[in-house]
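Below sits a lone chain in structure tokens, taken as the form predicted alone.
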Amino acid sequence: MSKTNYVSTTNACKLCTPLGASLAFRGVEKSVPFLHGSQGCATYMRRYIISHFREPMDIASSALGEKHAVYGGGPNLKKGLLNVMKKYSPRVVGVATTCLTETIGDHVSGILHEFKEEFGDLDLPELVHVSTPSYNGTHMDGWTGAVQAMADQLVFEKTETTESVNLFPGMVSPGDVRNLKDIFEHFGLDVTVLPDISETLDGPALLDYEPIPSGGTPVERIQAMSNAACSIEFGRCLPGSTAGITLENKYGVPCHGLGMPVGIRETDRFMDVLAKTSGRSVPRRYLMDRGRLVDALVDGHKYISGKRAVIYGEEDLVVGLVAFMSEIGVQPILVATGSKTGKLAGAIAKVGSDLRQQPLIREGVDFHDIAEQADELAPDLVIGHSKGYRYCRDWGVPLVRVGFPIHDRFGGQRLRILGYGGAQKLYDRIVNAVLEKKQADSHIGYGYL
């Protein structure tokens, strides 16, 4: 039986697993992300994250070298933790492993146990650890794993049931997190968002530098998540063990698993859960937002109906985008992700059941694979992050930038796509991208569309 030869990755459609974990840990108040591995990992990730969020991003490292690859990195990990405590005085240190430490087999939980015993006389921070080798997953796996680790390792035993709600939104922008918090407030719900990157990765200008940015989910709120009335977790392609499922299994907190609320139907499902949880009707402001979005779909339909799109990025983001495309008349022709969970096709079939035809679905691919197929499919537009720009330029089609990373445009950390209001903003950008392309290609150069 013939087998296709393996071709090395040339331009991955994913990012490092510990990078996602570092972003998640940044969403906890007084938290410092810490990579147990070589210094280069932390340096690369800091640079990559800063380029998107335009904010300082400190990531500590155990800075292992050749010696530690042979004899183990335990001593460096302990020394690094003491240095972080001295410099930052953190409340939480989130320790994520890297390829190096996973390969040599460092037993991180054991090392951290030894550290607590050896330095128990000090005022130690909470130590959370997560396994994040980059050869086994993507940045989304790192994010999800870190959030699950915090739910597993920081939450206290249940004492009483309160009316608070836990929200695990997934890797969305700080702008979307702020909007989600407003939505809960308007429903009269007390929400704990984990992680809350709305300020830590998109803060105000300050006169004095803060070693640890203000904001983030307070540790006390995380510890009390077991007392919540319920959890809401976004994602149709999540692994079997998540933060929401962990709290449900350990403490009996019911978990509502929802798709990422992009577009009308997915947001309707989200609003229904909030209405039932709060015992209130959907606030008028959101009914008005929904009505304005429907009106916009009617107004813009003639410009984008039947357009063919290539969509790529994190699995759950891609699923949400396909759900929205099926509402606005855009036909996804190729849907691609660097993840390999095997769940993408089923999720796409569920949210895109009314598409004229099901798109070609590719998992575990890099941009070389995407470009090869997309070039033959002749798309009208591409939706995804900045790494697809070079291909869009070659094809002469517009790129609507969504997700992470966005390195070649300004304000990626403030882009909103969730809820009716976020979908409205995304729809405007899609329609305008198509109009701009049509206008630029016209030999007349007309200005009325």
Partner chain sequence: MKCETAAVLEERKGQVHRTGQGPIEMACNRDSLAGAVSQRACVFCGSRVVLYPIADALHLVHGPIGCAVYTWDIRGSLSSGPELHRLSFSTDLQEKDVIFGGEKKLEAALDELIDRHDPKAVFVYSTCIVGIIGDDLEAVCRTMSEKKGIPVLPVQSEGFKGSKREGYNAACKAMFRLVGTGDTSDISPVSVNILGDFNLAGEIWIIREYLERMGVEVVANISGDGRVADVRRCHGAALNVVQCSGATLDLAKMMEEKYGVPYIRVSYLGIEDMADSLYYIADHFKDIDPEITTKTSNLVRDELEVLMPELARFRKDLEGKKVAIYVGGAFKAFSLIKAFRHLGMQVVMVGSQTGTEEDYRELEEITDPGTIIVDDSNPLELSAFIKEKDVDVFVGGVKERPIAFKMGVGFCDHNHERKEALEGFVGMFNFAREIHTSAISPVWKFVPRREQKEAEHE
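Positions refer to the first chain, counted from 1. Quantities reported herein were computed from a predicted structural model and do not represent experimental measurements.
Unshown form predicted in complex with its partner chain; subsequent notes refer to it.
Exactly one listed residue, out of I104, L258, L360, V282, brings a non-hydrogen atom to within 4.5 Å of its partner chain in the predicted complex: I104. Between its partner chain and the residues K86, K116, K276, R356, the one pair within 4.5 Å by heavy atoms in the predicted complex involves K86. In the predicted complex, at least one heavy atom of F367 sits within 4.5 Å of a heavy atom of its partner chain. The closest non-hydrogen atom of R54 lies within 4.5 Å of its partner chain in the predicted complex.
Contact check for S31: no non-hydrogen atom falls within 4.5 Å of its partner chain in the predicted complex. Among residues of the shown chain, A433 is not one whose heavy atoms approach its partner chain to within 4.5 Å in the predicted complex. Of the candidate stretches 236-244, 119-127, 294-302, 200-208, only 200-208 contains residues with a heavy atom within 4.5 Å of its partner chain in the predicted complex. Taken together, the three residues M171, T192 and A229 lack any non-hydrogen atom within 4.5 angstroms of its partner chain in the predicted complex. Contacts of stretch 22-54 with its partner chain in the predicted complex, defined by any heavy atom lying within 4.5 Å, are made by F34, S38, Q39, G40, T43, Y44, M45, R46, R47, Y48, I50, S51, R54, listed in sequence order.
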